[in-house]
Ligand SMILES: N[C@@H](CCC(=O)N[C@@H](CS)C(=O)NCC(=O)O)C(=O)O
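The form predicted alone is given below as one chain in structure tokens.
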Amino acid sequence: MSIILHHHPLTRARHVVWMLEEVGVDYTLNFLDLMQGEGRSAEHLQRNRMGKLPTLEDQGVFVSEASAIGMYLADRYALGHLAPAFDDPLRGPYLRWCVFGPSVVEPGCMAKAADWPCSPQRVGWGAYDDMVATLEGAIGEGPWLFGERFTMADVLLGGTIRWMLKFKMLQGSNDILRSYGARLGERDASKRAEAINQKVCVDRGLPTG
């Protein structure tokens, strides 16, 4: 029985298609028409009480939150490949970068864009400039977070970086972040995922930009 991704291409579920393509497992997409309220249907609320997408279904196991889905897929289906083994010294840094996007980059960029009056010492995401410098230092010469070794952390953090760059919410002092995002976009799995999401948009009459 294949994995089911409860999906809408204009949500974070779009990013999970890339994760699944990188892992290389069989899966099917279950499109939810959010405009028709299917995200708040009784059936979907049984899967995810918050009515959110993405929600992954794997043989009776339900996983939500994009970072959790990525880590789950890598551990279950690509351990030692897309996820460092449990006794690998890279395991700790890998986990950090897997959650850095939603816990630091997203709120940090939102706070900067909205000019939220918050002290870097009092919020979990710290100072915007420190966050950008941390990202640039982690990527360095690349090509990936761990040099030549590509992991699910690149998909998770890289997807956030690409999204923030697209909307000009993340700007560094040099081209490290933009070059990293471009490399990620050239991966075969990323291209396949983009084509899949675009097809759903076309088939459902949704914006494709």
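Everything numeric here is computed off the predicted structure, so don't read it as measured data. Note that residue numbering follows the sequence shown and begins at 1.
Just so you know, the form predicted in complex with the named molecule exists too; it's not on screen, but the next bit is about it.
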Just to be sure I understand the contacts: of L170, L56, A153, A66, which is the one whose heavy atoms reach within 4.5 angstroms of the named molecule in the predicted bound form? A66
Evaluate G51 for contact with the named molecule in the predicted bound form, applying a 4.5 angstroms cut-off between non-hydrogen atoms, and reply yes or no. yes
Is L34 part of the interface with the named molecule in the predicted bound form - any heavy atom within 4.5 Å? yes
Heavy atom to heavy atom, is T11 within 4.5 Å of the named molecule in the predicted bound form? yes
Only one of these stretches, 58-66, 142-150, 176-184, 23-31, has heavy atoms within 4.5 Å of the named molecule in the predicted bound form; which one is it? 58-66
